[in-house]
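Given next, in structure tokens, is a single chain: the form predicted on its own.
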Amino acid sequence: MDAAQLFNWVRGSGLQLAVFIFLLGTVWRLIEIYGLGRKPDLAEPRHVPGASGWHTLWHRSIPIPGMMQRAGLTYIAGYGFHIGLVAVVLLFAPHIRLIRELTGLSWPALPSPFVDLLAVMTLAAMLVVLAERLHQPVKRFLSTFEDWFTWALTFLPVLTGYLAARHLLLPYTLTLSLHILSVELLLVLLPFTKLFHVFTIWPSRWFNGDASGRKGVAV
């Protein structure tokens, strides 16, 4: 298969297959999670200020007091790569055109040079997160193959996308094909790995806060 054939496959059948598996896997996982149900809490709720799902949702999304001094680099790099990744995916003009073709939805895009800068910052932040995980003995000990694998799954689409946009290293058609292929691999595996937290992080924080709030516990 030459570069042209690979490009035609990844933007055609490959993309359709990846989106189908992604949607099917996501729906199945959500049904599996929310189908577990929730046992009725027969205890009388305790109304304590600062103990609720929304309170927990907010406070678990910002550093707790003192942690910026102790692990500021981890927080900055972590927030940086998540925010940068979302911006690159949703605010780059070619991505918006693809989303419009698939869903009919569209919105304004950021200027391409600014998206390039965000991509570089995202890559740098992810490398910092990786280096910090390798450097810290406890984090390194707790890390599993899935942690390293999902990091690579996230890193490669940003890297190949930047290389394709800047026409660097490899021929453009091949680089773009590799970029699309890496995105499709990410889509296929996202519902079945820790990356699924993109769908569960906010509901789970709210759920834990709501359950604890009924007991009068602020978390």
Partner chain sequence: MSGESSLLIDNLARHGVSRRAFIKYCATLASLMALPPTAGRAFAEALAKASRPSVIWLSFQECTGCTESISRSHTPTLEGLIFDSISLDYHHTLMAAAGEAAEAARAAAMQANWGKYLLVVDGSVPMKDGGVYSTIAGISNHDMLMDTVKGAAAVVAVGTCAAFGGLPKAQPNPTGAVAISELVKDKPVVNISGCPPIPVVMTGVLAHYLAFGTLPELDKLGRPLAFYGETIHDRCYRRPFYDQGKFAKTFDDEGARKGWCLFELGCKGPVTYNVCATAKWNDGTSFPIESGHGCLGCSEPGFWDAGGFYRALSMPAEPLKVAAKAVAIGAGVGVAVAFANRAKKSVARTDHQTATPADLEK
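Positions refer to the first chain, counted from 1. None of the values given here were measured: they were computed from a predicted structure.
The next section is about a form of this same protein that is not shown, the form predicted in complex with the partner chain.
K.L.:
Though only this chain appears here, would Pro171 touch the partner chain in the predicted bound form if you measure heavy atom gaps against 4.5 Å?
P.N.:
Looking in the predicted bound form, residue contacts with the partner chain do not include Pro171, since no heavy atom lies within 4.5 Å.
K.L.:
According to a 4.5 angstroms non-hydrogen atom cut-off, is Gly35 in contact with the partner chain in the predicted bound form?
P.N.:
Close contact exists here: in the predicted bound form, Gly35 approaches the partner chain to within 4.5 Å, heavy atoms only.
K.L.:
Under a 4.5 Å heavy atom criterion, is Ser106 part of the interface with the partner chain in the predicted bound form?
P.N.:
Residue-level check for Ser106: no, no contact with the partner chain.
K.L.:
If we define contact as a non-hydrogen atom of the residue within 4.5 angstroms of the partner, is Trp54 a contact of the partner chain in the predicted bound form?
P.N.:
No, Trp54 sits far enough from the partner chain in the predicted bound form that none of its heavy atoms falls within 4.5 Å.
K.L.:
If you look in the predicted bound form, which residues in 17-36 sit within 4.5 Å of the partner chain (heavy atoms)?
P.N.:
Result: Val19, Phe20, Leu23, Leu24, Val27, Trp28, Ile31, Glu32, Gly35, Leu36.
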